[in-house]
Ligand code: HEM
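Listed next as structure tokens is one chain, alone, in the form predicted on its own.
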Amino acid sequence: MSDAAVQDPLLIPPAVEPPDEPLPYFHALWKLMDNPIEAWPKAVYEEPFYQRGDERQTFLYAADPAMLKDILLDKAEAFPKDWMFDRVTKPALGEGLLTAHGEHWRWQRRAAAPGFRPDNVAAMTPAMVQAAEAALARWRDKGEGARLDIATEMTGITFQVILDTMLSGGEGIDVPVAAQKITDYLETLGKITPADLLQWPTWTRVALAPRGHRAMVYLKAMVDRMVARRRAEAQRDDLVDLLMRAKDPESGRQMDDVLLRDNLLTFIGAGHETTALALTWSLYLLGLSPETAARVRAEIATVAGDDSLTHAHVERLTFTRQVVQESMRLYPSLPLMSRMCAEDTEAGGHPVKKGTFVFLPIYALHRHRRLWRDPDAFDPDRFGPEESAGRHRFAYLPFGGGQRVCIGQTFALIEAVAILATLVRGATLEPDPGHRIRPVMRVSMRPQGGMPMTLRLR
């Protein structure tokens, strides 16, 4: 992007260019496997809903907040998660909180909820700041002008935070190796394959992705070792102990080692991935907008001076939080959710037939022409009090919505603000002008080829 574009008060960062019309069948099929968000036509960004299909299968893209409220909240039982989601996630995450259904999901949600109470999150903030300060120290060792892959750097920081806050340090876990294994899984088994479209047995998609399979085996063994060790040790009152002690109040059931592993893998994987991507995109956007970065630094100086950030400081960094929120609007970590309509019903007043594949195109929702002013522009002020007050709560879904909204959203936002503020006050990161920014969907949405940036120390 040119210097002139960076100085423009209306900054338009790179985005997916939607096709004017629906893609031909085989082209759409290829895009579905390569990068599904590039297949959505302009109508998905412009109309309340978009529907296509034939007598065999109907596909509904829902971008109307009232329709989304029905699907995710008011009529959630009529719109369960679909078989495609299960195929992509269950080989690694089993029957944990992200993948379970019905009462099996509800009791796990109740069991994990105390770990994310506001007072618990507040106590974790110093570890978040320390992880960011340690990264800054490593960057200073690399020196002025060092080239960093910020996507990899953010993954390392947020992975360490999960270990320090939720798993009491996670002894025996090699952070760089484990983080790479999660990336290996997402880049292989985390994408749709021909085996999925043809509905071959689930084991075939694992067999066709040996790198992803090796990553899955490594991660499961890593957590199994930790669970076995922790079963024999004194309690530390972290998330591991909380889940070990958890009991379904109705059935009296507790988590066995397999279910405990499934949930810990969910929190380790999904827990760090969302925040790492939010930080990656936030630092990229601040690199494109020096004026916005200057506002962030001025806010930090006003709130905290030169002191190390505390939880009280982080809660007062309102504009910094708006930067994170706007980054997650433009580049949501979870760009797509899907459901399968289980009965003839209505959503937002529109009839939906049983068997309809329902797509919730979060990336398009966040850039929808009917919901946002200048939808493709980077403008953190849109999350100020005045504009936010009139916004439908189902128009902005970076953490999902309804009953299954992300249990860790408060943790993730506090973490993102604490880390972003710590890094921005100590360094400026300049985007690589020769690197093409292409958001690609692999369950989460990540920048293809990472995010190379140049370090300028402050």
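The structure displayed is predicted, hence computed values, not measured ones. Residue numbers here begin at 1 and follow the sequence given.
Beyond what is shown, the protein has a form predicted in complex with ligand HEM; the following relates to that form.
Remark: of stretches 326 to 334, 173 to 181, 341 to 349, 131 to 139, the one touching ligand HEM in the predicted bound form is 326 to 334 (heavy atom within 4.5 Å).
This chain is displayed alone, yet in the predicted bound form one of R316, R109, R231, K247 has a heavy atom within 4.5 Å of ligand HEM; that residue is R109.
Only one of the listed residues (I162, L265, L365, I71) places a non-hydrogen atom within 4.5 angstroms of ligand HEM in the predicted bound form, and that residue is I162. Looking at G271, you'd find a heavy atom of it within 4.5 angstroms of ligand HEM in the predicted bound form. Interface membership of I407, defined by any non-hydrogen atom within 4.5 Å of ligand HEM in the predicted bound form, is confirmed.
Proximity of P398 to ligand HEM in the predicted bound form falls within the 4.5 Å heavy atom cutoff. Using a 4.5 angstroms limit between non-hydrogen atoms, W105 touches ligand HEM in the predicted bound form.
In the predicted bound form, just one residue of 67 to 88 lies within 4.5 Å of ligand HEM by at least one heavy atom: K81.
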